[in-house]
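Have a look below at one chain only, the form predicted on its own, in structure tokens format.
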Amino acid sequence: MIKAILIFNNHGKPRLSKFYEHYNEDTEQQIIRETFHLVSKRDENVCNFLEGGMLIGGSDYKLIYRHYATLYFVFCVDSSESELGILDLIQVFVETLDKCFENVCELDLIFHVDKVHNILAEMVMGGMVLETNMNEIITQVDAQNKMEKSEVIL
């Protein structure tokens, strides 16, 4: 099961955080800081899996991440999830963002946070993976955008 999805930039500023377990706000901020320190100090040529930090569950959980340009995409998962499956999910998420925003950048995540959360909700809900087909995700997001536009016209 996915415990948390975090996106932060090269300086550790969170751009998206979605926790599927309840933590108070201070603990969430500490988890984000700890995760950034664990992930950012690793070399580019090492494996993209590592043990979770002490705040997120220690050795019982894994951090699976990808670094694209200025952003880190980090999924914290338990031992029941496949590392390669989660890496593929990160790739699908990034490609979907790229198609929806036409060359996604950090500013898209800042100014369109609601749309990013909608895309993520099409893929993962309650820590469980729902959809990995990028075309299906984009179809659902487009349908939602059309519905929003029709409501604005009314």
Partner chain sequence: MALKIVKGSIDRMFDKNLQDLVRGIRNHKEDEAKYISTCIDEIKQELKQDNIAVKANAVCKLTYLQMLGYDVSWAAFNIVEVMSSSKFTYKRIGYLAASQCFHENTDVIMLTTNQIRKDLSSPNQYDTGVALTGLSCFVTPDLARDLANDIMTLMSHTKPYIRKKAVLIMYKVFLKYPESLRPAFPRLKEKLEDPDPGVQSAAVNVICELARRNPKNYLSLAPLFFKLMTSSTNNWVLIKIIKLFGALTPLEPRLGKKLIEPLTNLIHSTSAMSLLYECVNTVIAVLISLSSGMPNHSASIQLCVQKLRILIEDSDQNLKYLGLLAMSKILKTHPKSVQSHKDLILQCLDDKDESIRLRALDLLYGMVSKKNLMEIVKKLMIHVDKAEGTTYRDELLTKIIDICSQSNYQYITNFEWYISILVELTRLEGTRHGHLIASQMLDVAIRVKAIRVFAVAQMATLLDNAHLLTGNMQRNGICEVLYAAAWICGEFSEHLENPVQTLEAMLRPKVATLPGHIQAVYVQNAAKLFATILKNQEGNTDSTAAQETSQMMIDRLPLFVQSANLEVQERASCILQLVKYIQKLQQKDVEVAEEVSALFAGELNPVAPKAQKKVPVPEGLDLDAWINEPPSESESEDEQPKAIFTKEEPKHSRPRHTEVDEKELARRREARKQEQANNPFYIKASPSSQKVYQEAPGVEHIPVVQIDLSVPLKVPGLPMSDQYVKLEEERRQKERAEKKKKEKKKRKEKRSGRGKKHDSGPESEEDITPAHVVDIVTEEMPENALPSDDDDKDPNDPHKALDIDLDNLLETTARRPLADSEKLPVRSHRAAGAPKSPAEDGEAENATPQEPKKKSSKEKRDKKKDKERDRKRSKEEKKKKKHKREEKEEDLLGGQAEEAAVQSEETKEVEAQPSSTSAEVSDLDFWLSNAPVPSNTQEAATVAAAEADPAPEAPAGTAADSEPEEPKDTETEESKSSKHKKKKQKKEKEEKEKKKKKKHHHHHHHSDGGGEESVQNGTVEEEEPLPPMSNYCLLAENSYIKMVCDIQGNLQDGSQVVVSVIFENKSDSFLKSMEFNVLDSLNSKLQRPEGSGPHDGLTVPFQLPPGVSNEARFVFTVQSIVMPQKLKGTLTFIVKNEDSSTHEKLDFKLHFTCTSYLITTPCYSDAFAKLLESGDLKSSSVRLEGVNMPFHHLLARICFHHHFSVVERINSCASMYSRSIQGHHVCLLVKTSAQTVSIDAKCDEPTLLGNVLDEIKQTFSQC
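Just so it is clear, the structure is predicted and the values come from calculations on it, not from any experiment. Residue numbers count along the first chain shown, from 1.
There is another form of this protein, the form predicted in complex with the partner chain, and it is not shown here; the text below is about that form.
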(message) Within 4.5 Å, heavy atoms only, which of Cys100, Cys105, Val94, Leu50 is in contact with the partner chain in the model of the complex?
(response) Leu50
(message) Residue-level contact is defined here as any heavy atom of the residue lying within 4.5 Å of the partner chain in the model of the complex; does His117 satisfy this criterion?
(response) yes
(message) Residue-level question: is Val39 within 4.5 Å of the partner chain in the model of the complex, judged on heavy atoms?
(response) no
(message) Can you tell me whether Ile110 touches the partner chain? I mean in the model of the complex, with a 4.5 angstroms heavy atom cut-off.
(response) yes
(request) Determine whether any heavy atom of Glu34 comes within 4.5 Å of a heavy atom of the partner chain in the model of the complex, and answer yes or no. (result) no
(request) Output the sequence-ordered list of residues from 128-149 with at least one heavy atom within 4.5 Å of the partner chain in the model of the complex. (result) Met128, Val129, Leu130, Glu131, Thr132, Glu136, Gln140, Ala143, Gln144, Asn145, Met147, Glu148
